[in-house]
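Single chain ahead, by itself, as structure tokens, in the form predicted alone.
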Amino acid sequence: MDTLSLFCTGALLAGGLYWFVCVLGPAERKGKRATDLSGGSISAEKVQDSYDKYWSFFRRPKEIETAEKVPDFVDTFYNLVTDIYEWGWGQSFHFSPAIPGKSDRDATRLHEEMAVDLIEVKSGDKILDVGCGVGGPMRAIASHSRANVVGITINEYQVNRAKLHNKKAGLDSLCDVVCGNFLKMPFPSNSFDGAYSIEATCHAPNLEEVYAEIFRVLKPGALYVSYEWVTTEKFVAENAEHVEIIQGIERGDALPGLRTYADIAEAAKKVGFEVVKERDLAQPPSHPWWTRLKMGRIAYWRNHIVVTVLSALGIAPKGTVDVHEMLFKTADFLTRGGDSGIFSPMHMILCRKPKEDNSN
């Protein structure tokens, strides 16, 4: 083989490797690349230890139920998974019903826009994103409504990522992000014109506590909508397979315990909310939300090869392979939960804070 042929072959292989690792993997071109995977705020040499620490919570289940332990538990989880989520899924860390003829990205955006439409905010209003992650929903909602969105997340790394994305999208004048615990939010009472949470309050050890905080910071008459993770009426506690699926979802998504669909409205009413509307958005005629997980199995194996190689080369932190494998197993439990109908990630509840607030 002559020199030119060798050069062309080498260039082709190098180009193919670059495409496989840096282009094919990312869910969004402006998000993470495989070569940038990290442990969030956790230093590279401590990622494996942090992963082991995360699983230690499940070896001592009573500690998960202790409210003061949960923030550290959730913060560790999001340090471990945020980059992988961005790389393999996108900047919106939630599900949405499939829409025929629409891309996953468009279906996600429409699902987010529906949330802000439900709370009836107008341009210039100040609204709260409870558990904002890296701000995918925030940016879609701010762009759609022109409201001023303030997001809160317990994870400092996500705050920095969200601010970076906001600036890149040209939405930093409408979007702000603070680091904090949504059980004790650093906002004055009666200060928001509306609020939403998209698959975030499932991390709260006590739903009433987070609902009470949201109630406190809302202005009287304001609306709040939440998409909640729940077990449905089809879940049977005595069914071993059902229990296995739900526990798999809890372990792989940093949940102190999934609630039943009947718990949601009850918690909202206890803190003073009026329930305006309640519906499981995963129910027909909605198309399955878990289709995207099934379709992503080939992408997982491709990404797992990439992660394994990068970890072996020392580019990705030790422990990244374990985290990625954990998320794949969790995706299987989520798919089984959707297929069987015992789990929904989008039980929607729309609430109003009474105009006459008698909570004080």
Ligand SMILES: C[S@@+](CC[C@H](N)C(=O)[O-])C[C@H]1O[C@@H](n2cnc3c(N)ncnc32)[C@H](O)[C@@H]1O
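Numbering starts at 1 and runs along the sequence shown. Note that the coordinates shown come from a computational prediction; the quantities given were computed from them, not determined experimentally.
Form predicted in complex with the named molecule: not shown, discussed below.
Note on contacts: among Ile141, Leu218, Ile198, Ala268, the single residue with a heavy atom within 4.5 Å of the named molecule in the predicted bound form is Ile198. Residue Cys132 is the only one of Ile127, Cys132, Cys175, Ile214 with a heavy atom lying within 4.5 Å of the named molecule in the predicted bound form. Proximity of His203 to the named molecule in the predicted bound form falls within the 4.5 Å heavy atom cutoff.
Looking at Asn181, you'd find a heavy atom of it within 4.5 angstroms of the named molecule in the predicted bound form. Remark: His94 counts among the residues lining the named molecule in the predicted bound form, judged by a heavy atom distance of 4.5 Å or less. Ile152 belongs to the set of residues with a heavy atom inside 4.5 Å of the named molecule in the predicted bound form.
The stretch in contact with the named molecule in the predicted bound form, judged by heavy atoms within 4.5 Å, is 153-161, chosen from 259-267, 153-161, 99-107, 166-174.
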